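Next up is one chain by itself, shown in structure tokens, the form predicted alone.
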Amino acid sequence: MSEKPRICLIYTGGTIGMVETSDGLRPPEKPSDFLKIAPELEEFVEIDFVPLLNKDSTNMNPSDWEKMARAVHERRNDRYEGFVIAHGTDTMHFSASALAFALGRNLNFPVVFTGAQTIPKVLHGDARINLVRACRVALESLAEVVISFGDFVFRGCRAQKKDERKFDAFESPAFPPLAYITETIDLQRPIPREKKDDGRKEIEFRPHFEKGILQVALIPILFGMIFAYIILV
């Protein structure tokens, strides 16, 4: 039996796994080929690979959030140190927020979202390194849903995408990073939500999401009657 720590890697699609062809970019025909982008993972971790979805993240919807949440919840007692979810960048922060609420405050292990701005074929790109870093973060003592991207680890429900091309694609304007990624994973202490050796209460699992949601930005001329009109229509 391997003495290396175990993590569960859930693949959902996105640029991080895309393959270049003469007809443009496409998802890998065999999602298991995704692990070939970072063979060095075998040096420090044992991975159980779950090909859950194979979608561009712009096409993600609440039923996909539920699938991701259930995939984690069903494996919560399988002695993994943590979970990594490979995901497209455009809606990663929505999925991370959804899982944060679905898995709740009693979560006692890290669930780490990551993705890439470039496909794995780009040698100077971020696909390989983001995957390796996310797997490192999944071995840390965090106990919440996070986004590991570039040099930072952000709380999942406090992050947002800020750039379409730069490798530091995410930010967390209202909450500081949980960790900085240097030669070590520099967790900021006190760790907001840390693993407990004696466990926590059972996860209060709430995987269902309302689909009829409208996001409204607050601006100075926003009047109450506008909401009344929306409700009545």
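Just count from 1 along the sequence shown to find any residue number. Because the structure is predicted, anything quoted here is derived from the model rather than measured.
We do not show the form predicted in complex with aspartic acid, though everything after this point is about it.
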{"item": "Touches aspartic acid in the predicted bound form: Asp56 (any heavy atom, 4.5 Å)", "value": "yes"}
{"item": "4.5 Å heavy atom contact, Ala116 and aspartic acid in the predicted bound form", "value": "yes"}
{"item": "4.5 angstroms heavy atom contact with aspartic acid in the predicted bound form for Glu81", "value": "no"}
{"item": "4.5 Å heavy atom contact, Pro120 and aspartic acid in the predicted bound form", "value": "no"}
{"item": "Aspartic acid in the predicted bound form: contacting segment from 88 to 96, 127 to 135, 105 to 113, 71 to 79, heavy atom within 4.5 Å", "value": "88 to 96"}
{"item": "Heavy atom contacts to aspartic acid in the predicted bound form at 4.5 Å, residues of 15 to 40 in sequence order", "value": "Thr15"}
